[in-house]
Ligand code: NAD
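Below you'll find only one chain, the form predicted alone, shown as structure tokens.
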């Protein structure tokens, strides 16, 4: 029988849509929106692929295959809300490439979720996994809604119905979701439990690898929660070492103080870097004496945002980007650093904690001004790398300690950085293009070795 009994269809309503235009919703808070009116994220990512392909002479058929996702899944599913009404949700799972192994990528819950964004994010996962030498391909997905507007019980039902709707389109040997914006370890625990109870598997331990980013007691790994921020800090340290840049006493700005932004700030504070400015969807704060990153992180975890934090002065978005600092970490959404922001920034390094925060035009301005960029494809790859470690532990029925996880992650990040730096130097290209070149070289070699079936 259908989930909706006869006569209840009149209570079904689609999740409410934002009144903002589709082209700009979700790029930042309405009052702090960047000037760009349209940002075709997938087209931007494809431009990076085209640039890398031209440098290494990628065969046209390989470039053509990688120019579009292998599968684009869209599901609509009803969920009973606390008030007894049924609400219809739209969910996505974009599977870009599995030539290197199972699809891998996060699940995002956000009101601005769109097919274009998920296609771009899925392809980015392909490049990250290839760059980091992981046996995974790229995927991304999620649900178009605001998770902050529903109860915990509703969030659980939404998650379970979504993963039930995906059914056999995910699996520990096929497609392995993980947390992303709007989701966390608890979300993954619900997702795993739903899968385990709806898809029969003989190996109960290995089936836990259907998702990563789980709570440690439910098959997760030590170090996963801070992995993306930890990997970003390892990249910053590598950059600083190669550029004879002493991190002690330097100033940091962070846009987006969720999982990635907050852990990056906390970890950098241990290296003597002071967080002087922070922003999220509720606004921006400045403290010339420096925020206590630990306390701010705890406050955000309790309150959901930086709004109301007492130890900072409220400033505008324009003031934020004009502040004097040393390192800027955009860790919010894409399309945050355009030409205007790039001209205003007074930093030495932009380290991308988010995916696609810098526009191509913005990056050209940064490079022209001598501001270096650590691109997302390597800078925030620590998350998927530690997700791989979690997947391996599930398959082996092992539990690694935090020291082993961090040692492996540091080695992986430093190895990737060295390969990218070598290409950038020898090809005379920017760091982002070098990342895509390294990733594309591996993918191209696999296609040339395996050729195309039949």
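Quantities reported herein were computed from a predicted structural model and do not represent experimental measurements. Numbering follows the first chain given and starts at 1.
The protein also exists as the form predicted together with nicotinamide-adenine-dinucleotide; that form is not presented, and the subsequent description refers to it.
Taken together, the three residues 180, 333 and 354 all come within 4.5 Å of nicotinamide-adenine-dinucleotide in the predicted bound form, as judged by their closest heavy atom.
In the predicted bound form, residue 284 approaches nicotinamide-adenine-dinucleotide with a heavy atom inside 4.5 Å.
Taking non-hydrogen atoms only, residue 224 approaches nicotinamide-adenine-dinucleotide to within 4.5 angstroms in the predicted bound form.
Among residues of the shown chain, residue 260 is one whose heavy atoms approach nicotinamide-adenine-dinucleotide to within 4.5 Å in the predicted bound form.
At the 4.5 Å threshold, heavy atoms of residue 123 stay clear of nicotinamide-adenine-dinucleotide in the predicted bound form, well away from it.
Partner contact region in the predicted bound form: 180 to 188, out of 236 to 244, 291 to 299, 180 to 188, 88 to 96, criterion any non-hydrogen atom within 4.5 Å of nicotinamide-adenine-dinucleotide.
Residue in contact with nicotinamide-adenine-dinucleotide in the predicted bound form (any heavy atom within 4.5 Å), chosen from 250, 161, 108, 119: 108.
For the residues 369, 148, 303, 270, the 4.5 Å heavy atom test against nicotinamide-adenine-dinucleotide in the predicted bound form is passed only by 148.
In this stretch, 415 to 454, not one residue has a heavy atom within 4.5 Å of nicotinamide-adenine-dinucleotide in the predicted bound form; the partner itself is omitted from this view.
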